[in-house]
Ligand code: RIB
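Just one chain is shown here, as structure tokens, and it is the form predicted on its own.
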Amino acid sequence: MSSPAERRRILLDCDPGHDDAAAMVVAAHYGELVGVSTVGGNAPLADVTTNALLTAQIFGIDVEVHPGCDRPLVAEPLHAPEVHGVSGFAGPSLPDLERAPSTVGAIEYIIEAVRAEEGLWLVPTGPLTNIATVIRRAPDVAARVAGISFMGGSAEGGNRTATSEFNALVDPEAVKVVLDCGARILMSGLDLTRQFTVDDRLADDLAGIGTTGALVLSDLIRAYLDKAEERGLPRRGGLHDPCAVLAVTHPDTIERTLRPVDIELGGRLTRGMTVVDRRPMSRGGERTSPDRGEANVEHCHTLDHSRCRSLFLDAVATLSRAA
């Protein structure tokens, strides 16, 4: 486990969703969670902002929540009610919201925070619209952050389409901006995050903790599994978003390889597809074929499931008991 001296300072950009809420808990427990911003994705912006505020309230996370972009850079908005419910938080009985969002919007906040403190980690777990907008408005941000660890994309097929993961499909133009910005980039795509299993056993273990926060997460996961079953899918999936946090806070739990990564913007069948070039590099790191791009992304591809699961459950238990 990371010692206090190694705690990374994190700005979490999210669109809760059960797994974004889980990512917020993990970031607050194992990192120094500096702030939270929200982006339209799993549900409309107003809903995901409410969900982020509720997560902070339930778990006693003392951060401001800054609303961001409500639609992609170019495309029409796309949400996932069939996965997370219309509000993004289908399932649990939730308390009345007692917190309010910041009056400072996400774009302004992220730019100001990064310029005020060099070495912050940006961890986006929803569509990359906010991060791309920040980079377009303030290109110096890319050189000032420690890195950008995002959940999105895939090296092995998609979930929203046959080729495209949901976050990448919602705003592929934003993904392109981030991939090309020159910052250190960590990508936790479906080929990694599906290794972090979410199932009824995980929901049972959360329920066994017995705290309000743990029970809310348990109910969120059961609702997610119910919706999968309604669509004829197994009651099993990936706990996607905490992986992008753990890649920063516990790098020893997730193996990664520096590779060229790009995204398809125009294909009729492949728009939003992240193309991860897994061909071997030369020993000296040079290109091995003329069409091979520069290695620009640390492709996270293998995780220690047992340890990641334990870290997640410990974070929920500790933070929710302290709330």
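For every residue, the number given is its place in the sequence shown, counted from 1. Worth saying up front: this structure is predicted, and the values here are computed from it rather than measured.
The same protein also exists as the form predicted in complex with this ligand; that form is not shown, yet it is the one meant from here on.
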query	finding
The single option of Gln195, Thr212, Thr133, Asn159 touching this ligand in the model of the complex, heavy atom within 4.5 Å	Asn159
Tyr109, Phe89, Phe166, Trp121 - the one with a heavy atom within 4.5 Å of this ligand in the model of the complex	Phe166
Contact flag, Asn42 vs this ligand in the model of the complex, heavy atom cut 4.5 Å	yes
Non-hydrogen atom contact Leu190 with this ligand in the model of the complex at 4.5 angstroms	yes
Leu246 within 4.5 Å of this ligand in the model of the complex, heavy atoms	no
Thr125, heavy atom within 4.5 angstroms of this ligand in the model of the complex	yes
Segment assignment from 175-183, 214-222, 234-242, 89-97: heavy atom within 4.5 Å of this ligand in the model of the complex	234-242
Contacts with this ligand in the model of the complex, stretch 6-26 (heavy atom within 4.5 Å)	Asp15, Asp19, Asp20
